[in-house]
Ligand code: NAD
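The chain below stands alone and is given in structure tokens; this is the form predicted alone.
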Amino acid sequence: MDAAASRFAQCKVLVGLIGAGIQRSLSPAMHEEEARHHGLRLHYQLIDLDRTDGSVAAELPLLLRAARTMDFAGLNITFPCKQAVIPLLDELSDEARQMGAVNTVVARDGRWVGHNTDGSGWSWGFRRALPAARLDRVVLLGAGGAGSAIAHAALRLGTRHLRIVDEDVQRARKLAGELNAIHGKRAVAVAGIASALEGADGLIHATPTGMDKMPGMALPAQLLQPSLWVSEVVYFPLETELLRTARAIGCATVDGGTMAVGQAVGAFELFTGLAADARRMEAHFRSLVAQR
């Protein structure tokens, strides 16, 4: 047992997930099983905002204080809290600060430190699924917390022209400006998805549309073309209507499970200080999905 594991060997590591509509999340099973392989006792608690009566603004500070009191080692943060949590933290990693979104909070010496493993998780999954995909012209649909993280990751992977579409045009413009300040002038906000997709190599879908509780597609099906690759962030269900439609016309696709595993690997390592086995975690994730 290495030093990090021995640090936790005599106690149960307590972590959790704060978000809305998360009862079907596979994060508890993934983290607890990976911890077991390292000889750790880890409990992963779901903290579902759909089971409270208050707003995110009211509930989130209370939940963070409670987690601190109960000595949580860390928290994952998901929709709709990835940006709302930032003012409540003591410190941000460089990655989280650049992205303006947090999906992992770690307790360090009495301080809450915000990180973001969404971008690295998306890159890991995308390159595993579509290693030869063209990245010249890419459309990002959704400029929220997940979209922001993926935008940075896509530019780091070599995307030359990133077109950002969001129902809130100002949010898309703000993200484009932040990206250009860091990565050079390679991002632009586009008002409509139809014009954004003209001549594009790929589409990254980063909105909640397609989730079990928000079924449907965030764009008209007729805009999809066989030459387009499609990357999805939603993983419940694993085959969204968008992926099903894209595959039916011959698009190469990446399901949201790859990002779910990739970000979980990063979060596990931040929580525990241990190197996660990504292939083992992915195999476990896929087996869990197959059982549902």
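We number the residues from 1 along the sequence you see. None of these values were measured; they are calculated from a predicted model.
Another form exists, predicted together with this ligand; not displayed. Remarks below refer to it.
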- The stretch from 26-34, 228-236, 44-52, 60-68 that lies within 4.5 Å of this ligand in the predicted complex, judged by heavy atoms, is 228-236
- Please run the contact check for residue 80 against this ligand in the predicted complex: heavy atoms, 4.5 angstroms, yes or no? no
- Item | Close approach of residue 206 to this ligand in the predicted complex, 4.5 Å, heavy atom | yes
- Task: Find out whether any non-hydrogen atom of residue 256 is located within 4.5 angstroms of this ligand in the predicted complex, and reply yes or no.
- Result: yes
- Determine whether any heavy atom of residue 141 comes within 4.5 Å of a heavy atom of this ligand in the predicted complex, and answer yes or no. yes
- Query: Taking this ligand in the predicted complex as the reference, which of 102, 164, 75, 146 has a non-hydrogen atom within 4.5 Å?
  - Reply: 146
- Sort through 135, 129, 92, 211 and report the residue having a heavy atom within 4.5 Å of this ligand in the predicted complex. 211
- Within 167-184, which residues come within 4.5 Å of this ligand in the predicted complex, counting heavy atoms only? 167, 168, 171
